[in-house]
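In the block that follows, a single chain appears as structure tokens, in the form predicted alone.
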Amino acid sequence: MTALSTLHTPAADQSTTQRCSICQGMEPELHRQLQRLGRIKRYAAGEIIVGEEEEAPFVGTVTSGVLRMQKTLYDGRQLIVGLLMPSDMFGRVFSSTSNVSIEAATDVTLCCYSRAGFEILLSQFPALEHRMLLSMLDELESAQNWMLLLGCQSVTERIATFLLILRRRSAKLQSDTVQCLGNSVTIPISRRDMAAYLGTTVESISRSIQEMARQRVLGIIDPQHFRILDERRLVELSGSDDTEMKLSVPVERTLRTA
């Protein structure tokens, strides 16, 4: 594992822990227990939070920034199998090791909980256990949707879907890294990560985006910032009637296991 240049803050930093999505809507006692257990950690882009097949001593939620989940193939190639954005949870309860590598795709702030302590809370508070079950079902549905997208859609359809997902998630979350200002949308990961996640190449993404710009569907501000000029046409280009397809679990169901 790479050396971490993280900043750890104590549980008393409630101004940040109160924004941790796990706490939202929970009964007061559980809320207090989660705040007591929580720690804020910050990682720079490129740092490894948990290595593949390594012990995962904590779980947590993304407060700001984006995490990528990667799997290494037998020949050494690495594939991005998921992106975690604000309100998503990383880590795996009731398992001592992580089956994926979890890395910071951007600078990130995480609200972390001891895995052992979190498992105790799951056994003590049925509401937390129930939310975990719902999130696992949502994660399964999301994985099925994404498999369908990668298997059946063209590169342009994948990009259009990805942009719509980012815009709608950011409209709900108003995060610092996936901003939605009017019809603007920010891609919070590198073009290389985007290509790996969408199962294509950087060159193919560039060609598709340039074509969308020529059709006046998108306005290009810079390589990561765009203005949606024709949302109806963008939805048509996504090739799906289900424009609420999830990149990860819904924002109102905040737990996620990696």
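Keep in mind the model is a prediction, meaning the values are calculated, not measured. For every residue, the number given is its place in the sequence shown, counted from 1.
Another form, the form predicted in complex with the DNA, is not on view; read the next lines as being about it.
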| property | result |
| --- | --- |
| Residue stretch of 27-35, 62-70, 200-208, 40-48 approaching the DNA in the model of the complex, non-hydrogen atom distance within 4.5 Å | 200-208 |
| The DNA: the contacting residue among 97, 154, 124, 144 in the model of the complex [heavy atom, 4.5 Å] | 154 |
| Contact of residue 216 with the DNA in the model of the complex (heavy atom, 4.5 Å) | no |
| 4.5 angstroms heavy atom contact with the DNA in the model of the complex for residue 223 | yes |
| 4.5 angstroms heavy atom contact with the DNA in the model of the complex for residue 232 | no |
| The DNA contact at residue 191 in the model of the complex, heavy atom, 4.5 Å | yes |
| Stretch 94-129 - residues with a heavy atom within 4.5 Å of the DNA in the model of the complex | none |
